[in-house]
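Considered here are two forms of the same protein chain, supplied as structure tokens in two stand-alone entries, structure 1 and structure 2.
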Structure 1
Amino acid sequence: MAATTEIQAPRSGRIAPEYNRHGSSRGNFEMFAWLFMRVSGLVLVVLVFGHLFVNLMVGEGVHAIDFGFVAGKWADPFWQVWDLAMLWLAMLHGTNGVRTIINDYAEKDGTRFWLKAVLYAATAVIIVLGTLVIFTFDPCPPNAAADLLPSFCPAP
């Protein structure tokens, strides 16, 4: 019989008050987090697959990656915005995913608190750093060997 078991649809959308685990005070955060995972996932498919294709498949693939390659990409606002969106969405999506996993496995309140504190601190550092790198990037730093720089830099 196991193979043909039918799963019945839940009969009621109403949750009896004794089973409602939290008051209205927590708001809809968990619902937004759930929705965010799905929406960001859809966008990340395009962003990450595009990133991997351009950096690994086109031309010489990984061999082409060096300072000049990055400078060439970030000279174009298109790739700046692309990388910025990918940075924020992937970090927030990944952080929320890891938060769920911590909630699942860390049973002690103290352990859960500290793991999440470390997680959020790491996320904040990486998002701020990654954003600064994109916007403060200098493709033609002074005193750098000219052969490492992109071709559009003025001759020293």
Structure 2
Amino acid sequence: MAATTEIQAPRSGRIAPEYNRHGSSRGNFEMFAWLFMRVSGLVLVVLVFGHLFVNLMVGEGVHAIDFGFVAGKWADPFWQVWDLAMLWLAMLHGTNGVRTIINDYAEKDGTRFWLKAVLYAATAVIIVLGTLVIFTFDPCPPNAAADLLPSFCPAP
């Protein structure tokens, strides 16, 4: 008598998915998403610690952070690009992580679709608004009341 091995279905009533390896664009996307998480994480560490060092350690430290500090910092294109890179990378890094969690835990295709649609919409809104704030920030708006302007603005 020969021993036979029999594959049994899981007891949960679900059919175990077969592992299929085939060349699809989704596989390449997931590989690039994985790689992006590693690279963006390393770049974000540098950006965030640079941001913290400049804001908290240089000059008067945390006591110097106020409206004028931010206005002076964002007057320099270097810091605009630095903060923009930090915003974009943090948002895309976080979005990719949440996308992965949605793919892993949302069981229904419809649920997965709507969760990712909300995620992508929120990400787009935050990136667009954050970019607009960084590049259109004007600490001395024209026609503003003099008592509302910071001390470094020229008198109207």
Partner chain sequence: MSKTPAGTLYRGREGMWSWVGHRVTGVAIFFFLLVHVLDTALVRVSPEAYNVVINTYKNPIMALLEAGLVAAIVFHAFNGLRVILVDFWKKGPKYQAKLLWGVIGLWVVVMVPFLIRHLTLAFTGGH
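Throughout, residue numbering runs from 1 along the sequence of structure 1. Definition used throughout: the rigid core is the maximal C-alpha set that superposes within 1.5 Å between two forms. Worth saying up front: this structure is predicted, and the values here are computed from it rather than measured.
Of the two forms shown, the one predicted together with its partner chain is structure 1, not structure 2. Residue 56: CA moves 2 Å or more between the two structures after rigid-core fitting. Taking the core as the reference frame, the CA atom of residue 142 shifts 3.0 angstrom between the two structures.
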